[in-house]
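Before any questions on how it binds or moves, here is one chain, the form predicted alone, in structure tokens.
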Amino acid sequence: MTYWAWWLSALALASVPIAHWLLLNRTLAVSGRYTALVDRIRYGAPETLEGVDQAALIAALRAETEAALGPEAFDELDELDEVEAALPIRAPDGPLMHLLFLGGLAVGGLLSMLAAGSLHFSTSLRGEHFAALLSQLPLPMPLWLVLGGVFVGFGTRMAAGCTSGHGLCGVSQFQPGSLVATAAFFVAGIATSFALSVLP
């Protein structure tokens, strides 16, 4: 397989969350959209924000923040207008937007396979080390994939975000939680890679 130059890959990857923000006015969050769909099935449609007074909402938010953190929590803000500008009221996306986004990921993966000339579906892991290791264990490969997906979902909820949310959006905004989560992603990936390289 021929890979792009590192700088071209970096520019292409950075353009994805930027384009997403410019087109949809929201940060890129794959797990957030999936969670929104699951929550809609579990709890029904969320309440709309129609008729909500933004000034009253900001005042209530400020009162709760001061009650929890003390009045000094807003000392660094010169004007309340800064808070209002940072918290625009917007209705949540409907299920169609979430489905279109997640469907776009599947279509993008399909187009990538077509461009690479290797369109085929498999229920096994493509890594040789993974396949060799898991073939020695009693569970069939499809169950390992399901188990891996469960662990990914658990980790995503525990970290309050996925690799796209933390690694692309959170890190670019220097959010401490995203910096820690992304560092954990990379450390775990590197450790796993080294572990697989030494296993028989």
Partner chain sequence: MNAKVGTALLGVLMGVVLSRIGFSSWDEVHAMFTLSDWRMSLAFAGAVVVLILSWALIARFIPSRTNFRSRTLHPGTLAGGALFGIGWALTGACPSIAVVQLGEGQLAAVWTVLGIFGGNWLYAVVHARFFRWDTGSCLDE
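Here the rigid core means the biggest group of C-alpha atoms that line up within 1.5 Å when the two forms are laid on top of each other. Numbering follows the first chain given and starts at 1. Quick caveat, the model's predicted, so the values are computed rather than measured.
The same protein has a further form, the form predicted in complex with the partner chain, not shown here; the description that follows concerns it.
When contacts are judged by a 4.5 Å heavy atom cut-off, Ser172 counts as touching the partner chain in the predicted complex.
In the predicted complex, the partner chain sits beyond 4.5 Å of every heavy atom of Glu72. In the predicted complex, the partner chain lies within 4.5 Å of some heavy atom of Val152. The partner chain in the predicted complex comes within 4.5 Å of a heavy atom belonging to Ala29.
Residues Phe151, Val152, Gly153, Phe154, Gly155, Thr156, Arg157, Met158, Ala159, Ala160, Gly161, Cys162, Thr163, Ser164, Gly165, His166, Gly167, Leu168, Cys169, Gly170, Val171, Ser172, Gln173 are the members of 151-173 with a non-hydrogen atom no more than 4.5 angstroms from the partner chain in the predicted complex.
The two forms, fitted on the rigid core, differ between this form and the one not shown by 2 Å or more at the CA of Thr192.
When the rigid core is held fixed, the Cα atom of Leu100 travels less than 2 angstroms between this form and the one not shown.
With the core held fixed between this form and the one not shown, Ala36 has its Cα displaced by under 2 Å.
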